[in-house]
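The data below hold one chain only, encoded as structure tokens and taken in the form predicted alone.
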């Protein structure tokens, strides 16, 4: 679809969203008819977003404004100030959704709430467990490095490192190692990857997701159930259960919450950002040379990698932050309106209801010209004090794995650049059309070997 046709369609569909606000006011937001109307809108716009999510956002932002309706009559915020404000509302009320993806079939989560959608004591309890489960990477970076070095050693045996295939497999392995001290088989890793790729299936009704598509969902749901049971054999399990008891969490809630954290936030998110960082360094020879020099200065010879080395790697740190700004692995934040209100869109006053989804577009907010000068240009000298990736900072919504994500990518890049090299690489391309993780998935480092 050419951009003119797409623009007409996106704007026409938004006119229908405005009309929908009036209809919902009459029939009831959560009435049977209201739910069906919202679901129809969700699927209709969903198909457009699947193919052209970035253009969808920017067409509405440029023609309608920084606030507009989207998908299931949710209110989308697209600028930095509004998304930051949305993130910092406390206490937040979340639903069982993943950004713009509505979890319509709860069976895909084994009928447990998505850890990102928990509220109240349940949410507080799972965050306490996450805090315990996620290690401080500055304390034993050399141990982490040795694990990474073994993975990179395997890549040298095949002579290549593929971003879209290899990094998620590595990430799901290392997170299970760090959180549970268990090793996954290659079959389990493949099944975990299938679970992540299949998440959009959860937005389909039960009879479709686990009925018509049972041949796809059946095996990966079986894997989730088996892995959640395996977690309870971990030497760290008793600690997690003790914390959970303080918040009246059951072992099943704990296991499934940790499954979500590892697979969705950890594996999908961190591996995507790591791939983007590698892509940025491949495209910018001078930046890569500067990062290599910083690594060599901080970590000379065969000395053990220390937390101090990581803390002093300021250039590499800023490369990661700027990459996260331009290519955020998590692109949308979601919560629910706690009261009804009225929204003015395109000169029209539109009522909205308590429980309406409030969405924040992190991608457009991170590229807001009112916050960042030359927002589409890569620059490591920016002020990153209120970067919205990892859900910002200093409030209840901030990602509990932020530090681990950043430092893990640092250690990975240090071992990658100091101890390995490659002869060439394939095209570095970020797919900003398909609604998948923003990372150069098809990038491959070829002729990948360890330095002599």
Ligand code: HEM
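Positions refer to the first chain, counted from 1. Everything numeric in this text was worked out from a predicted model, so none of it was measured.
Beyond what is shown, the protein has a form predicted together with the ligand; the following relates to that form.
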{"item": "4.5 Å heavy atom contact, residue 269 to the ligand in the model of the complex", "value": "yes"}
{"item": "4.5 Å heavy atom contact, residue 138 and the ligand in the model of the complex", "value": "no"}
{"item": "Touches the ligand in the model of the complex: residue 399 (any heavy atom, 4.5 Å)", "value": "yes"}
{"item": "Residue 329: touches the ligand in the model of the complex, heavy atom cutoff 4.5 angstroms", "value": "yes"}
{"item": "Which of 239 to 247, 143 to 151, 110 to 118, 72 to 80 lines the interface with the ligand in the model of the complex (heavy atom within 4.5 Å)", "value": "110 to 118"}
{"item": "Heavy atom within 4.5 Å of the ligand in the model of the complex - residue from 357, 224, 102, 123", "value": "123"}
{"item": "Sole residue of 333, 280, 305, 255 within 4.5 Å of the ligand in the model of the complex, by heavy atom", "value": "333"}
{"item": "Non-hydrogen atom within 4.5 angstroms of the ligand in the model of the complex for each of 127, 134 and 404", "value": "yes"}
{"item": "Those residues of 171 to 210 which, in the model of the complex, come within 4.5 Å of the ligand by heavy atom", "value": "175"}
